[in-house]
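What follows is a single chain, given as structure tokens, in the form predicted alone.
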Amino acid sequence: MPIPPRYWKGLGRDVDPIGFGCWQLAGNYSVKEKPHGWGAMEPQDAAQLVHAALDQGIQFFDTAAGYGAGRSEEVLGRALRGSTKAHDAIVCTKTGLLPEEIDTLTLGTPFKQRVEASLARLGTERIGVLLLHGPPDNLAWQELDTKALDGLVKEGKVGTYGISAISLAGVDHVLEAGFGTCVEWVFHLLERRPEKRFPKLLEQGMNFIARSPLSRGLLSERYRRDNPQFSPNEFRSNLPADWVRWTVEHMRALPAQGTNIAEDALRYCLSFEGMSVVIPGVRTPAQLESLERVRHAGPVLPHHRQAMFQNIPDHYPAWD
């Protein structure tokens, strides 16, 4: 059965649950003298992928002001403006909080100016979903002055808002506070702890965005055979070696449900009622074709989910 759309509180509409992560659109860039992108990507190649994704029925595009100092937003915005189906797109972007905003729990003019800058880079009048990017896990959400956020929603410049959490503790804190309408965090075959949060998400009408559903691209048929080797120009060259080894070892122990571990991984994520959208990064036409196969293959059935994880931990133990 093909995967059906999901209703989004805050947007008041159904949204296709297969999204498009846009970090890679920023190309090569560094943060604190370390590579922080996914490697080179030409804007024309990015535009072709975005157009093909829209043609395929993908609607949700996740980017951030911090991806290449706004370059991902710029590239995505130009690509969308070049498509006749741009009206179907829901742009989700993220902006961080300044230290003084964290200290005073007040979002004012500087915050609104940063959102306006994202709107300008995207070349649009409206951001569908605005996420606070990596706020402190223990932020006092009940005390946060949201007038600026609510004002942006009232003006029609933002559809709805939430957070992209640093850790699972941040997810729990936001759920307890009932802040916003959506939360984004890691979820994949080897980070399954969010499953326990889905009942509460559903109860509160919160949307869940699954980032890194392929575990930084390590859930791949290629790495079933070969050990990962990353270009020095991409951020994965600085991933902890122990975590990479653990992930690949346990990925190879997972029983295959279909013909492709990446497609199995996405179908697994999409099999939960509490899942709103998954946002795998897309760098090639072949990866887009894979997403179309996922759409038509449908979710992993519940009894198959149980069979997938015998002796497979639900997360990397060092993350406790």
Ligand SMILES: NC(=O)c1ccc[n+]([C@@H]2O[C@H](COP(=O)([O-])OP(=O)(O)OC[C@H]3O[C@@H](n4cnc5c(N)ncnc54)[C@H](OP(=O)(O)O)[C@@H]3O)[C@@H](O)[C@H]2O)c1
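Just so you know, these numbers come straight off a predicted model, no measurement behind them. Sequential numbering from 1, following the sequence displayed.
The following text describes the form predicted in complex with this ligand, which does not appear among the structures shown.
- Checked against this ligand in the predicted complex, the candidates 94, 157, 197, 78 yield a single residue with a heavy atom inside 4.5 Å, and that residue is 94.
- The partner is absent here; in the predicted complex, the one residue of 48, 290, 28, 56 having a heavy atom within 4.5 Å of this ligand is 290.
- Looking at residue 115, you'd find every heavy atom of it more than 4.5 angstroms from this ligand in the predicted complex.
- This ligand in the predicted complex comes within 4.5 Å of no heavy atom belonging to residue 268.
- In the predicted complex, at least one heavy atom of residue 279 sits within 4.5 Å of a heavy atom of this ligand.
- Although the partner is absent here, residue 214 sits close enough that one of its heavy atoms falls within 4.5 Å of this ligand in the predicted complex.
- Of the stretches 120 to 128, 104 to 112, 220 to 228, 172 to 180, only 220 to 228 has residues with a heavy atom within 4.5 Å of this ligand in the predicted complex.
- The candidate site formed by 6, 272 and 300 is entirely out of contact with this ligand in the predicted complex, as no residue has a non-hydrogen atom within 4.5 angstroms of it.
- Contact annotation for 57 to 76: residues with any non-hydrogen atom within 4.5 angstroms of this ligand in the predicted complex are 62, 67, listed in sequence order.
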